[in-house]
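Before any questions on binding or motion, here is one chain by itself as structure tokens, the form predicted alone.
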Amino acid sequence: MIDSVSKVFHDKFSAEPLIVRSPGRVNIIGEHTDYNEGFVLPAAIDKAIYVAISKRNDDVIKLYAVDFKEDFQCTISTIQYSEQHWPNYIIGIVDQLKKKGIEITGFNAVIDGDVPVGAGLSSSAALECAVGFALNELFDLKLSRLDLVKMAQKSENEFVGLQCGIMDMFASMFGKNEHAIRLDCRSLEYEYEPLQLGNLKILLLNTNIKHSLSSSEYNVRRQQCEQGVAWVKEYHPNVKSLRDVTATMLDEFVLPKDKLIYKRCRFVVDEIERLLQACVHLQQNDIKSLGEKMFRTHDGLSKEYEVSCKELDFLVDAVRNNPAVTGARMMGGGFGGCTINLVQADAIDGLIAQLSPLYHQATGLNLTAYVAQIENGTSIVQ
């Protein structure tokens, strides 16, 4: 990938580029906890976005996306949202620099990568982190990794127009080989937890479906969580989010008012606790117990938080009693995307061969599989 992106850059711009790699991510456990100020447990993976870049003497930005075989050009002074869509993840970073009063010249850049788009592995966050890191290095801006993460999130919120959390960018920038990151979504304090999988590998099974429910139901879930917090807050004024709420509080102040809102809030409170227990399992290298927690998380997401779908449930149920599979769950916001599975390395090919026809028969859809390993975060590679 480094050689190919370098060659394309040479062919297009006849210059020697700086090349930065920024990885996609998986989230081991901790779903829908981020906007409730809980914890998440992401890890960077060995699929990444590569940006080859060099300075210009004017204020022109010239971009080329290898995947789309598309060029894009604008100037720093005339940045605006592009209908091509992919350039927005790059020029949104420049927009953030402008808002901070940080001056740079124009630049040439070529973008390539092997993070599957639309699989829920955060290719967009990887691109934003790669561009921010590259510009920081190229123009010696002296921004910290955390500065770059916050800038990438603001770029996606304000320029691209997606109200995402900070987890994806954080995992991409701060990833560490053979470790997951326990990220406190309230304080942004973090710790590395050992993730030594031995003869297991991470298998991602893509449902190849994205239900239209996802954004509207996501907003409904947020509102339900906020309502539960408001009811508890009447009796416990110091409570700010579900992070501060206990199961006993929910039993006392939410369950008598609304069983559905209770069910939603109870999942989040339990999931925050489950993640903290999972970190203890990682410290003890108890991957079996981690896997059991992953299955339990899936059941909660499916039946309590109700953000799964029949395709995701099918894939988790199909591996639930397979001795080669230690844990599995849906990953991400829900209603489509991937399941994450911890599978014995020598059983992966057979499992994919077994599941693919069964999945097609049950859903009419093709199953796509990716094997991922835990890797380091954003870095210069050339």
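It should be emphasised that the depicted structure is a prediction, and the values quoted were computed from it without experimental measurement. In this text, residue numbers run from 1 along the sequence as written.
Separately, the form predicted together with a small molecule exists; it is not shown, and the next lines address it.
With the partner omitted from this view, the residue of 81, 139, 218, 190 that lies near the small molecule in the predicted bound form is 218 [heavy atom within 4.5 Å]. Proximity to the small molecule in the predicted bound form, defined as a heavy atom within 4.5 Å, holds among 229, 204, 166, 287 only for 166.
Comment: 32 to 40 is the region of 32 to 40, 316 to 324, 348 to 356, 52 to 60 lying near the small molecule in the predicted bound form, near meaning a non-hydrogen atom within 4.5 Å. Taking the partner from elsewhere, residue 332 is found to have a heavy atom lying within 4.5 Å of the small molecule in the predicted bound form.
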